[in-house]
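Next up: a single chain in structure tokens, the form predicted alone.
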Amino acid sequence: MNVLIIGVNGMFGEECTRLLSRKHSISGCDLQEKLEYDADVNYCSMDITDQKALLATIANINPEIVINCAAYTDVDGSEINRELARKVNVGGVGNILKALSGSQTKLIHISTDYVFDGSQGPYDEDQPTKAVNYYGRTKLEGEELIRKSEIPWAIVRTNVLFGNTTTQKASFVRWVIDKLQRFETISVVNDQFGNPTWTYGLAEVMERIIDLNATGLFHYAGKDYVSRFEFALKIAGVFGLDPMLIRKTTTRALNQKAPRPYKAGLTCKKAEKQLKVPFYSIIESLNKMKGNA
């Protein structure tokens, strides 16, 4: 199939490209002038907030599937740069929907557990949403635009993505590894919970949605429900780094701009039953990352 990946230079965009290009024709777009890794991709530079450019790009590629990995994901930055967060996470989604209006092109959209308030996670697809920060609110609004559209769609919520990436963009795993390799002490919260998700597993979800022509809302995340502190300890263990350099702290002590959901994370029985995708533990995922590093 002819698949367009928007946000193709990001960590998940790269993983998605590498897996899907085995049996699909991949086009990709992102803000950068060129594709930042070696892959068989028909690439163009494009900003999803530029409606005219987006309409022209999609008309030219004429994809059967669009996977939207693009988002403004800086949670604290979203509190400060609200106009930009809304422009990308809501306006950008609206532009994609306008470009696909009247077609049978399916949109697969990546969303987040931050659409929940974190009071009683992990959450399934039927639980009520209530974002506690601006980033979460913009992602939720983007979801709602898609739900109201008349095109075929699938929304996949995930959380705490990690994986290998050629460009080594910022991620929690890379931050922990880099700091501990330099023997620097780090402070990690022990009161924010989720189930960290390997990007390869999430890419397999994209593949299954395409293969099965599945639609609707799905949750996909890793097997292990842990605090960020526990996640950091597992990273140190797999990569042979000193866990004594990791100190517990609290969300309140960090004084972050954006409120965080404490008990977030996702339950994934629907994806397990309907998509029959594998789920990976943190240790298994990190070991596979280490082997591919």
Ligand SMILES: NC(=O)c1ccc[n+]([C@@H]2O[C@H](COP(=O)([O-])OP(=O)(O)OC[C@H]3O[C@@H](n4cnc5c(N)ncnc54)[C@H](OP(=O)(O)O)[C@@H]3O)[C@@H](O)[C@H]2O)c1
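The structure displayed is predicted, hence computed values, not measured ones. Numbering starts at 1 and follows the sequence shown.
Keep in mind that the form predicted in complex with this ligand is not shown, yet the notes after this line are about it.
Engineer: Are all three residues 21, 67 and 97 in contact with this ligand in the predicted complex, where contact means a non-hydrogen atom within 4.5 Å?
Structural biologist: So, no: the whole triplet misses this ligand.
Engineer: Considering this ligand in the predicted complex, which of 88, 107, 176, 206 comes within 4.5 Å of it through any heavy atom?
Structural biologist: That would be 88.
Engineer: Out of 115, 71, 154, 180, which one falls within 4.5 Å of this ligand in the predicted complex, going by heavy atoms?
Structural biologist: Contact with this ligand in the predicted complex is made by 71 alone.
Engineer: Among 247-255, 229-237, 56-64, 25-33, mark the stretch whose residues have heavy atoms within 4.5 Å of this ligand in the predicted complex.
Structural biologist: Result of the contact check: 25-33.
Engineer: Quick one: is residue 48 in contact with this ligand in the predicted complex, heavy atoms, 4.5 Å cut-off?
Structural biologist: Result yes; residue 48 sits at the interface with this ligand in the predicted complex.
Engineer: Wondering, does residue 11 line up within 4.5 Å of this ligand in the predicted complex on heavy atoms?
Structural biologist: Heavy-atom contact with this ligand at 4.5 Å: present for residue 11.
Engineer: Residue 78 versus this ligand, in the predicted complex: is there a non-hydrogen atom within 4.5 Å?
Structural biologist: Close contact is absent here: in the predicted complex, residue 78 is far from this ligand, nothing within 4.5 Å, heavy atoms only.
Engineer: Does this ligand come within 4.5 Å of any heavy atom of residue 198 in the predicted complex?
Structural biologist: No.
Engineer: From first to last in sequence, which residues of 139-158 have any non-hydrogen atom within 4.5 angstroms of this ligand in the predicted complex?
Structural biologist: Residues within 4.5 Å: 139, 158.
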